[in-house]
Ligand SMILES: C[S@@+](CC[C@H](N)C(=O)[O-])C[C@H]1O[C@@H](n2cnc3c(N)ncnc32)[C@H](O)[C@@H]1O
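What follows is one chain in structure tokens, specifically the form predicted alone.
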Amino acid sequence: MTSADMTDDATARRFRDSLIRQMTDDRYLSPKWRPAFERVPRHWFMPRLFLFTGGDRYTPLGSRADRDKWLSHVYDSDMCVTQLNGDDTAWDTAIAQGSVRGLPTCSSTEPGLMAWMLDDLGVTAGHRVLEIGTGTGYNAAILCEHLGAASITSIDVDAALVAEARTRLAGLGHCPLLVAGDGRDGYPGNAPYDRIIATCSLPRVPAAWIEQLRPGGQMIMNVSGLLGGAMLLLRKNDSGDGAQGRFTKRWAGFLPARGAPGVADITPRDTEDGRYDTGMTTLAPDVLNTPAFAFLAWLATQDARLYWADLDDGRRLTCLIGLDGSWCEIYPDDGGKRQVDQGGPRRLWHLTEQAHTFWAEHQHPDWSHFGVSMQGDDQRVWLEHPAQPTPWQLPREGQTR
């Protein structure tokens, strides 16, 4: 780890200075957080990266190959994929074969995104912070530089990642408490926390996080499903009973917490009599490509996944499927209308159409016009003000409502 490749030399500092200037110019990095980003060498936490080359294929890029190319990616304003499939052997396979197939299971968050999350969260001296998703340890290092390691607790489900992060942090003189475990449970051993920051996405706010916040404490996380979502900044009520917050204007997305099922894991179901419904719609499925509406479509369909299928005549269907086996298939346009087939316990396209009607009636708001109020197990979504509830709650993970 102390090889010349990892040394924080003049070349590495030049790349880091360029990134910091860009983050400052883009108004992501505030003067409050700039010193920490200047001091922490991001490349120390990413000796090897996976570069996306299309489909599900990645090529390896390590610190010992082309150092300038490696540093340029490390100090780019984008995320860096550092693990595939939760498999430590993927790197060796990629080196041997030149590339490897897989899905990212660990990445280093975009530095600009980290900076504005920390700023929006209002982290300040004296705060105790819980980080959900240790990953490489880079974000924990930024927090340690700003607050001191004794104030930081970080948890990750991958014990190997936690061990690597612990070594890298110690190499910079930081020894925060790092825990291997399910981040959904938080870490009660160091609670209560003044702030919680999550670097993975979940469809719902874990109750444990609210329980472990101090009254008046705040948390920021990516609340999302596979159709849409947004960043939620939530504050625990001063009374300690419940929480409330809004979705931020700035959009961001994170890798889902591990364990979320994919399309191939779900079995479609027909209605009780073994048949499915066929109807027509004027709503084009392309509307799901509009992020502002995709946010509402996610709330309405809860756990739906989007995929595509080809007919024998070459036409492509747009399809949704839910964890309970509900499904729909939308055919290509035919004179302004499209055939829709739907089966299972729920009618996913009907729910999508209802969400679109709501969206149009309220002048097409984006996510930043919405907020969440939590009371007990209730996580109600509202528009503009808590007194204006919508028909939706945040989805229950692995369930439907």
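For clarity, every value in this text was computed on a predicted model and none was experimentally measured. Numbers follow the displayed sequence, beginning with 1.
There is another form of the same protein, the form predicted in complex with this ligand; it is not shown, and what comes next is about it.
You can rule out all but one of 119-127, 294-302, 103-111, 69-77: in the model of the complex, only 103-111 has residues with a heavy atom within 4.5 Å of this ligand. Taking the partner from elsewhere, Gly183 is found to have a heavy atom lying within 4.5 Å of this ligand in the model of the complex. None of the heavy atoms of Ala230 is located within 4.5 Å of this ligand in the model of the complex. Among residues of the shown chain, Glu329 is not one whose heavy atoms approach this ligand to within 4.5 Å in the model of the complex. Within this chain, Ile132 lines the site of this ligand in the model of the complex, having a heavy atom no more than 4.5 Å away.
Of the residues Thr153, Thr199, Gln212, Ser224, just one reaches this ligand in the model of the complex with a heavy atom at 4.5 Å or closer; this is Thr199.
Think of it this way: in the model of the complex, this ligand has a heavy atom of just one of Val81, Ala252, Val157, Leu288 within 4.5 Å, and the residue is Val157.
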